[in-house]
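Consider the single chain below, provided in structure tokens and representing the form predicted on its own.
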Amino acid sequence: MSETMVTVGTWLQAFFTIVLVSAVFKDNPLYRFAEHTYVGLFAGYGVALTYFNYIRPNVTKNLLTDGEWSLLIPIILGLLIYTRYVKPVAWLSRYTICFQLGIGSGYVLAKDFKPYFVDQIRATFLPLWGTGDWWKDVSNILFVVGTVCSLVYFLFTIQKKGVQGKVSLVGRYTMMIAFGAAFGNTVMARVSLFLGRMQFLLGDWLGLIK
């Protein structure tokens, strides 16, 4: 890549970085322009990637060359989604949506049921004492108690009074702490991205730091 192209690319990155960060102070037309540019580029990239990696190989090689005519079924189902733009036959797009929902639900249940359900239940069965590490014992107790209390919080068939109310309150606080930790982790990730862009502006663009 020529030095001119590198320079142009650096200036474009700097421009879009500054414009996007400007939304922190006030919404403005330049920010909306940068936002629409990013969305448009991502959409165009996704379309091109899908065409060259999936559509063209399947049509030219698998369908026309190898004669796998069964591929016509997913192709027709995929094309039916565009009937939503033609009002008289818009109802045909429902077949594509129903097919995708059915296949997607079955795939998720078959693939993710064990790691996201069974394994999480199994992970809560922890020894509450006798591990040889007092801190691990305390952590296991807090983990099990917090999990059970959080589940009790969602027992809406029982009024939250008495013991059940106090247990539900503990579960509520447990979830608030967990959500706060997740939010803090998200904020730290965004701060890391922001610092990366500032390093780019002060280093690669302005050359003030190395």
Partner chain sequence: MKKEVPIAITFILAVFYVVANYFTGSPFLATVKDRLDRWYLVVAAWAVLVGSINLCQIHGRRISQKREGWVFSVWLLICLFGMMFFGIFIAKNPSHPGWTFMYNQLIAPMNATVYSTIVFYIGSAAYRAFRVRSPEASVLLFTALIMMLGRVPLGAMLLGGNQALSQMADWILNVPNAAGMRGIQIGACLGGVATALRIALGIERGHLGGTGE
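Positions refer to the first chain, counted from 1. Everything quoted here is computed from the prediction, not taken from an experiment.
The same protein also exists as the form predicted in complex with the partner chain; that form is not shown, yet it is the one meant from here on.
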* Could you confirm whether residue 33 comes within 4.5 Å of the partner chain in the model of the complex, counting heavy atoms only? => yes
* Do residue 160 and the partner chain come within 4.5 Å of each other in the model of the complex, heavy atoms counted? -> no
* Check whether residue 65 has any heavy atom within 4.5 Å of a heavy atom of the partner chain in the model of the complex, and answer yes or no. => no
* Is there any non-hydrogen atom of residue 23 lying within 4.5 Å of the partner chain in the model of the complex? -> yes
* Structure fact -> Across 93 to 115, the residues having a non-hydrogen atom within 4.5 Å of the partner chain in the model of the complex turn out to be 93, 94, 95, 96, 97, 98, 99, 100, 101, 102, 103, 104, 105, 106, 107, 108, 109, 110, 111, 112, 113
